[in-house]
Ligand SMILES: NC(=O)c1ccc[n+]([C@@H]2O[C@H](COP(=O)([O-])OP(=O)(O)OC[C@H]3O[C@@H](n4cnc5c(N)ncnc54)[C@H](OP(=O)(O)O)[C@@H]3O)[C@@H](O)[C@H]2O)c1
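Given next, in structure tokens, is a single chain: the form predicted alone.
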């Protein structure tokens, strides 16, 4: 089997080396999958840059999601069969043409989904589904703010929230992305490069009326989001992409960390607002039944036509460095995937 190892932090052109090694056999409760391709997430970029805490020590194979066909089943696996096309969530190890993963992270998918569409359903749509369906209880007429709304998780959040009748504010950084948000049904697209989203939402008359914000950026965006919340509202934090801007600069990193703010439980009680942290790796580790419920829920929404992933670009595996550079550039819309 082939796998791309992360051997060095830094530039994508220098970070990966392809390695040939024996194809493993599945153990009890595991599934061996011959991969058609894998998806990229911003956490992969942060791992490459050396600023993702959960990344195993180098050299290592990163990656969270694969699509392919089952090649072998370990002892005790039920509900799956050899030859079945499946989506698989992997706890690293995803940049390989064969993967081993626990059966609880595997679900059958339709044959007509592309690699990009299928892999988007794992980390990105799972994150969005868990955030909306498990963390919150939003209703028709509620208001939500989605940051990085043109990205993979942003697209997923918008589709799930629109199905609930939620009014959506979405931030993006280019006219092309704003047009994309309008096509998705975002009610108030905001170019964060040209306008301060906090002031823009205030001008529109929605200060202290937002019921939920979805934040993969971190830093002072957390405090700004909190200022917009209505009573009962929540900021859901599922990333800290601002860390890539502060990498290598201790002063910027300190400013970033202070930007998150210092929070007292009393503040949450008196305002009836909350901050919710979300890391799907932790959910997979400690709440496997919840994780599997979300995985099946996402696939069900696809089959019903409620959600449809947008694919920004698919790369050949020999272009892995280009795929990383493209995702890091923040020019991508929707899912970025790599095919074998």
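Note that the coordinates shown come from a computational prediction; the quantities given were computed from them, not determined experimentally. Numbering follows the first chain given and starts at 1.
We do not show the form predicted together with the ligand, though everything after this point is about it.
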item: Any non-hydrogen atom of residue 213 within 4.5 angstroms of the ligand in the predicted bound form; value: no
item: Non-hydrogen atom contact residue 327 with the ligand in the predicted bound form at 4.5 angstroms; value: yes
item: Non-hydrogen atom contact residue 241 with the ligand in the predicted bound form at 4.5 angstroms; value: yes
item: 4.5 angstroms heavy atom contact with the ligand in the predicted bound form for residue 332; value: yes
item: Contact residue in the predicted bound form, chosen from 110, 261, 173, 185 - any heavy atom within 4.5 Å of the ligand; value: 173
item: Position in contact with the ligand when the complex is considered in the predicted bound form, options 32, 61, 278, 49, heavy atoms within 4.5 Å; value: 278
item: Candidate stretches 101 to 109, 197 to 205, 82 to 90, 146 to 154 - the one whose heavy atoms come within 4.5 Å of the ligand in the predicted bound form; value: 146 to 154
item: In the predicted bound form: members of 116 to 145 within 4.5 Å of the ligand, any heavy atom; value: 123, 124, 127
